[in-house]
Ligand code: GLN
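Take a look at this single chain in structure tokens; it is the form predicted on its own.
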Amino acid sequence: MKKFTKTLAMVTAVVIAAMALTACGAQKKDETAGKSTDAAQTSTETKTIKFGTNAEFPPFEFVSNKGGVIGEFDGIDMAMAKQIAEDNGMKAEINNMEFDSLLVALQNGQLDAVIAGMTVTDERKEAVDFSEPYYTATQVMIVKNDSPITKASDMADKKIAVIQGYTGETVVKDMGYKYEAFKKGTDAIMELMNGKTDVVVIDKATAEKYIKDNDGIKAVEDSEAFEDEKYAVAVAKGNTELLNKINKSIEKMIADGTVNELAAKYAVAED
């Protein structure tokens, strides 16, 4: 009896040990399976590029009631932002804010990039890194059809409106003229239409859109007073990984004619 009991005990121990090993193996298998699933989810998760813009600058960026290429946002820059993200297997998120806040938000890490018809300047290059330029622009003067203003120097004794933070403000300031700065281009145009200002200085492409949408106003150019400027995408200083991805996409869009197609499309597009 003792011998049988001892043998039974040994068999029981072996069975228990085997069960323990089986359970342990199953647990490890489950844990491994769980880790594999988690890894798969992580590897397939779509990342986002957080773009900052100021959607008051048609045809480059504006809010459309009909829906845009990214949510409610539409325009040349918005289409480019979407393409840049897609080229890199990512999604584009648009954060609309005041123009003057964009570079601050970029430096604070709230944004990954800024695409807002932003002109490359030496001052801005000290704060951020810029992509390859994708558009060449110039400033013009929007005036009423019967305005006596035919060149920039004619603004000397006139009421001038600009958009806060835009290149037009810098240009007028450098000329030494007094001006009133508005946060929205539409507000400046309304002042002109109502006779409360004589001229609005703004980028040519945007001027053309406002002129198309409002009767009785025209653009006056002065190549001697207004130099060409380059638009580019801004990223935080030292973010070379993202900058290289953006540059590669921009170079492709320039080479295959996408940028020109977008410029032509939105030049005649309705909000």
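Numbering starts at 1 and follows the sequence shown. Just so it is clear, the model here is predicted, and its values are computed rather than measured.
Below, we turn to the form predicted in complex with this ligand, even though it does not appear here.
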Which of 145 to 153, 186 to 194, 110 to 118, 68 to 76 has heavy atoms within 4.5 Å of this ligand in the predicted bound form?
110 to 118
Is this ligand close enough to 135, 209 and 266 in the predicted bound form that each of the three has a heavy atom within 4.5 Å of it?
no
How about residue 231: is it within 4.5 Å of this ligand in the predicted bound form, going by heavy atoms?
yes
So in the predicted bound form, does residue 124 come within 4.5 Å of this ligand, heavy atom to heavy atom?
yes
Determine whether any heavy atom of residue 167 comes within 4.5 Å of a heavy atom of this ligand in the predicted bound form, and answer yes or no.
yes
Close approach of residue 182 to this ligand in the predicted bound form, 4.5 Å, heavy atom
no
Suppose contact means any heavy atom within 4.5 Å; which members of 76 to 107 contact this ligand in the predicted bound form?
99
